[in-house]
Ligand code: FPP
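The chain below stands alone, shown as structure tokens; this is the form predicted alone.
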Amino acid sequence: MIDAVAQRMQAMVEAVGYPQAAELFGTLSGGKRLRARLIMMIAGESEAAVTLAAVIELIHAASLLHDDVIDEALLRRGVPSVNATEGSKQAVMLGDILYSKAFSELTQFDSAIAKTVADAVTSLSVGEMMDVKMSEAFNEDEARYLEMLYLKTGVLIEAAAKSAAILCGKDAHAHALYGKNLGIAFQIIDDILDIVSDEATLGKPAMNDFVEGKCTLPYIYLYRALDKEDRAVLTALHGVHANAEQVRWMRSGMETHGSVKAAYAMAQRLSDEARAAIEGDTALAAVLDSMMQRTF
């Protein structure tokens, strides 16, 4: 049914009536379609579920287009980004088309679903602003970072799970908690992989998050463990291209102080809370297991 979601998304964009937009959209990589899969797992494979999944995935695709422009990213999922091949203006406008079309399709749903998704997009935009602002200086505030992760990543996965539950009459609160925790934990694992994986696996340079100004949990935990002198070294490396020796120093420090393990433990706690919220749903529990075992 994920193919049906992809086809519905393409049809929605084609219905806009601007062939160039539909053609450019067709070049985008679909990724894991996590939000769509969750909707289908929770709400089944009805026409309404397919449409809701397509709406959520259009919103996600739009946010990634804008995110790549903000980050000046040249790659997305290992292939050239739209802003790299077509320019930032085209990427922004395509994102706007996807957002607006998604909201147009959203009007056919119950008001509770529409509000859930619309509120999530507002929060998503706030999270993007927070992320940009936080990249300007080294951030050592774990709570602030987790709030940003929730707004930027968790909130749309939360909305997907909650709206799917509303669609089929399941416990919306429990599924919202599941989606929220899954989303935050998913991003923490992503942050860890940026540090422990290589460029070939990631499809982008390793440890690129720190170069872009992102102080993810392993860096925050490393900072806490260092003395004053080494903290100054770490903060000086924030937002710059570290050389091989500096990269080894950071990785060695994280290994010594268990920074990556501590970040993984946080993701595991969130996963355990999510599992408890949907106790008995083996399919959704399996998604958590798969997420925690990701290697790319």
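Here the structure is a predicted model, which means the values were calculated and not measured. Heads up: residue numbers just count along the shown sequence, starting at 1.
Unshown form predicted in complex with this ligand; subsequent notes refer to it.
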Consider the chain as shown here, without its partner, and state which of 64, 38, 28, 254 has a heavy atom within 4.5 Å of this ligand in the predicted bound form.
-> 64
91, 189, 121, 167: which sits within 4.5 Å of this ligand in the predicted bound form by any heavy atom?
-> 121
So which stretch, 125-133, 177-185, 80-88, 222-230, is the one near this ligand in the predicted bound form (non-hydrogen atoms, 4.5 Å)?
-> 125-133
All three of 49, 104 and 115 touching this ligand in the predicted bound form at 4.5 Å, heavy atom to heavy atom?
-> no
Classify residue 210 as contacting or not contacting this ligand in the predicted bound form by the rule of any non-hydrogen atom within 4.5 angstroms, answering yes or no.
-> no
Can residue 59 be called a contact residue for this ligand in the predicted bound form at 4.5 Å between heavy atoms?
-> yes
May I ask you to check whether residue 265 falls inside a 4.5 Å heavy atom distance of this ligand in the predicted bound form?
-> no
Is residue 242 a contact residue for this ligand in the predicted bound form, using a 4.5 Å heavy atom cut-off?
-> no
Sequence-ordered residues of 136-161 touching this ligand in the predicted bound form, heavy atom within 4.5 Å | 152, 153
